[in-house]
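As structure tokens, one chain now follows by itself in the form predicted on its own.
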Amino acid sequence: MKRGREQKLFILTFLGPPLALYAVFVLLPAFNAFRYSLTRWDGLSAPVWIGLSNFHKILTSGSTFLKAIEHNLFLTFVPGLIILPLALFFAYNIHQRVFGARLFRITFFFPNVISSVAIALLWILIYSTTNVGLLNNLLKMFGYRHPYAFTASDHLLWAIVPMIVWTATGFYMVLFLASMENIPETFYEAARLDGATPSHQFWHITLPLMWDVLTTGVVFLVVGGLKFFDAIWVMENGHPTPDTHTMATLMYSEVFQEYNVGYGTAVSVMLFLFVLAATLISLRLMRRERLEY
């Protein structure tokens, strides 16, 4: 009995402080967000209880929030359909020890060590309509006389796609490569002895045995797309338009620019629910029998 009490005291001593910090800095603010989402509040005066009015306004046809959801879905699926195949392709080829594999690994992962704001500023320069704009200078070489406004609000979402692909592919490549390198080489040797081609080895050995990691990558992509914020905020100079708003930028602008805290926290609640639902759906769709080796 004494030993059992000592174990409980030991566990409580180590878990108590982090749980207390988590409750104060995560659970309590989350609870307050749900509470303030049911009010009309400017952050200064006393909140006024209005029930579900903020959520009704959010879900009204033609609202900025519904357009923001469309933009988040666009930034989730369009880059994702490029990133996953590219990351798998590069990871598999590096796993096969192609010439320069170590250099490729470093080069592809390099964008992940740069801050997201710096990356956005870099791509602003690439897309610039001035003399420093790389893409517009290339277009000029091919006979286009007038610079193209890549970062204009009505073009910005498409312009962000290559930036996301360039930034994220290296991360997922390293993630998939780590999983591939844990697969025993004996599986590939047996497959080669049976006459399996590299493509057959990939589809029937590599992909099934790394499915759990691929599922994790899909969840990361979905969550990242739904929470997308930095690049749009920087490229729009802190003032996104209805053509470029995502759920995160809409929430931030409503709270810190319009001082509409009640509506902004309602947007944050909807963002939380969307991320939670998307994560559960992704895990459900990607679920399959686990293979152990």
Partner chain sequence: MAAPFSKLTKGLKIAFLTAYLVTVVFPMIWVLYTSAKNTQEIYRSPFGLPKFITSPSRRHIKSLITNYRKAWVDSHFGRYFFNSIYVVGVSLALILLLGCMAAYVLARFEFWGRNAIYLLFLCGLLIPMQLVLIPLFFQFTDMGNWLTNLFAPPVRALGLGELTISLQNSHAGLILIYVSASLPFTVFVLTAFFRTLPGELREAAMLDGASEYRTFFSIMMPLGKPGIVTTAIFNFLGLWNEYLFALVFLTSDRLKTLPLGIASLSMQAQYRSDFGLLFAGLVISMLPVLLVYIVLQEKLTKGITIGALKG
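The term rigid core refers to the maximal set of C-alpha atoms that superpose within 1.5 Å between the two forms. Since the structure is predicted, the reported quantities are computational estimates derived from the model, not experimental observations. Residue numbers count along the first chain shown, from 1.
In what follows, reference is made to the form predicted in complex with the partner chain, a form of this protein that is not presented.
Undergrad: Under a 4.5 Å heavy atom criterion, is A118 part of the interface with the partner chain in the predicted complex?
TA: Answer yes; at least one heavy atom of A118 falls within 4.5 Å of the partner chain in the predicted complex.
Undergrad: Decide whether N93 counts as a contact residue for the partner chain in the predicted complex under a heavy atom distance cut-off of 4.5 Å.
TA: Yes, N93 sits close enough to the partner chain in the predicted complex that at least one of its heavy atoms falls within 4.5 Å.
Undergrad: Even though the partner chain is not shown here, does G238 get within 4.5 Å of it in the predicted complex, heavy atoms only?
TA: Yes - in the predicted complex, heavy atoms of G238 and the partner chain come within 4.5 Å of each other.
Undergrad: At 4.5 Å between heavy atoms, is L193 in contact with the partner chain in the predicted complex?
TA: Flag for L193 set to no.
Undergrad: Identify whether the partner chain in the predicted complex is within 4.5 Å of every residue in the set V26, W41 and I114, based on non-hydrogen atoms.
TA: Yes: V26, W41 and I114 each sit within 4.5 Å of the partner chain in the predicted complex.
Undergrad: Based on heavy atom distances of 4.5 Å or less, which listed stretch (103 to 111, 142 to 150, 184 to 192, 201 to 209) is in contact with the partner chain in the predicted complex?
TA: Going by heavy atoms within 4.5 Å, the stretch is 103 to 111.
Undergrad: Please tell me which of V78, L156, M180, L86 lies within 4.5 Å of the partner chain in the predicted complex, judged by heavy atoms.
TA: Of V78, L156, M180, L86, the residue with a heavy atom within 4.5 Å of the partner chain in the predicted complex is L86.
Undergrad: Let me know which residues along 174 to 188 have a heavy atom within 4.5 Å of the partner chain in the predicted complex, or say none if there are none.
TA: Counting only heavy atoms within 4.5 Å of the partner chain in the predicted complex, the contacting residues of 174 to 188 are V174, L175, A178.
Undergrad: Taking 2 Å as the cut-off, check whether the CA of F14 shifts that much or more between this form and the one not shown after a rigid core fit.
TA: Comparing forms between this form and the one not shown, the F14 CA shifts at least 2 Å.
Undergrad: Would you say A278 moves its Cα by 2 Å or more between this form and the one not shown, aligning on the core?
TA: A278 C-alpha, core-superposed: shift of 2 Å or more.
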